[in-house]
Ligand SMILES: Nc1ccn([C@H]2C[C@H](O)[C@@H](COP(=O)(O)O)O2)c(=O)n1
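Only one chain is given next, in structure tokens, and it is the form predicted on its own.
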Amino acid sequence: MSEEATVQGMETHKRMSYLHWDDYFMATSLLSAQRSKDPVTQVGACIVDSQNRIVAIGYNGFPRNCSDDEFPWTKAKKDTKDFDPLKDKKMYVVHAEANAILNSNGATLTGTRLYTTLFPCNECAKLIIQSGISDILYLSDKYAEKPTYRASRRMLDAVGVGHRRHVPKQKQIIINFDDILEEDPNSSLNLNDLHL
């Protein structure tokens, strides 16, 4: 590093490896998905306004005050003699996108962007359209051929809600609490370099 780039060991130019906005918001969705207790599919969503401010986040889970231990986390097997639709998690789980919309606390969502780890189903698409969200960025579209997702795409296309798969610029983001916890508390203040 040249002398111009440092002043008493401090960087004088911006860091070049910062997160791109879309990666940042998708990473927020992925982090939110880690809150989900679903043993199979964890989905996270993040809603962002035109000034790149996070308006709301959500993840898939049961409604407030519905016990995670009393309601089922499995899918009911339809072709079995003891099939019971009330033992299917789909009857109870609120999707990440719906939770994000509900978590917006009544803020207007017109013109916002939704970042989600999984392309939204038809029920979430209805909520997205009704709330005024204008664009969707998603990571996975693994259920694209299922009717509920085909219906979702059809509705979104009909009303002009944009949707595209997000391809991250950065392939990995590591959050390691130990890096911060083990940091010298004086190093950020450069107290070690002061000679008083």
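As the structure is a computational prediction, the values presented were derived from the model and not from experiment. All residue numbers are counted from 1 along the displayed sequence.
In what follows, reference is made to the form predicted in complex with the ligand, a form of this protein that is not presented.
Of the candidate stretches 49-57, 165-173, 23-31, 136-144, only 136-144 contains residues with a heavy atom within 4.5 Å of the ligand in the predicted bound form. Heavy atoms of residue 100 never reach within 4.5 Å of the ligand in the predicted bound form, leaving it off the interface. Contact annotation: residue 158 falls outside 4.5 Å of the ligand in the predicted bound form, judged by heavy atom distances.
When contacts are judged by a 4.5 Å heavy atom cut-off, residue 113 does not count as touching the ligand in the predicted bound form. In the predicted bound form, the ligand lies farther than 4.5 Å from every heavy atom of residue 131. With contact defined as any non-hydrogen atom lying within 4.5 angstroms of the ligand in the predicted bound form, the contacting residues in 89-117 are 89, 93, 95, 96, 97, given in sequence order.
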